[in-house]
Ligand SMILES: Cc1cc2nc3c(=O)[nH]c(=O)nc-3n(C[C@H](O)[C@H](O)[C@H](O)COP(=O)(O)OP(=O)(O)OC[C@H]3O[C@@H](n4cnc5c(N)ncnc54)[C@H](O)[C@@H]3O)c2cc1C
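Read the single chain below, which is given as structure tokens and is the form predicted alone.
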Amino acid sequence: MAAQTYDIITVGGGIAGSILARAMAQHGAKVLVLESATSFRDRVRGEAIAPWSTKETMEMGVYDILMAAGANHLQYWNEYHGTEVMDRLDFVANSVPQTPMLAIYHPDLQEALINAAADAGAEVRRGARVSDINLSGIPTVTANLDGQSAEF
């Protein structure tokens, strides 16, 4: 079977892979995203986007996507001693970009971004298990999809 040809293949449809796939597809590249998860699950990790990164989401054009997926603005960081607020940091007033922190449930963030990549024209294959990446000659990626091996 002949390999299917793409300009860019991202192995993983997480935050970086999906944002890259979206941007490249918007600029006319033929993009494939190979993501192992059929649905994103909750894992222990940060679900807050720092103020300087909030500004970057705006510059990358994904801020509105995150807000539509349920992101919330966190303007303040409170430090407590028991129930008493001991200190309060205002992100908007005190950060260089003067933007709030964003908080979003991580699976919703990932789902929104991979869907945005697909909406921009990237082909997204979920449940893909990459078994080989060969960079010699014509680069190829081999993945198992639905129990069958496919080469891209």
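Quick note: we count residues from 1 along the sequence shown, nothing fancier. The structure presented is a predicted model; accordingly, all values stated were derived computationally and were not measured.
Although not depicted, the form predicted in complex with this ligand is the subject of the following passage.
Checking V92, M58, A120, A48 for any heavy atom within 4.5 Å of this ligand in the predicted complex turns up a single hit: A48. In the predicted complex, at least one heavy atom of A128 sits within 4.5 Å of this ligand. Although the partner is absent here, Y105 sits far enough away that none of its heavy atoms falls within 4.5 Å of this ligand in the predicted complex.
Heavy atoms of S36 reach within 4.5 Å of this ligand in the predicted complex, making it an interface residue. Proximity of Y63 to this ligand in the predicted complex: non-hydrogen atoms within 4.5 Å are absent; the residue sits far from the partner. Figure note: of the listed segments 36 to 44, 66 to 74, 23 to 31, 83 to 91, the one touching this ligand in the predicted complex, with heavy atoms no more than 4.5 Å away, is 36 to 44. Of the residues in 6 to 34, those that come within 4.5 Å of this ligand in the predicted complex through at least one heavy atom are, in sequence order, V11, G12, G13, G14, I15, A16, G17, L34.
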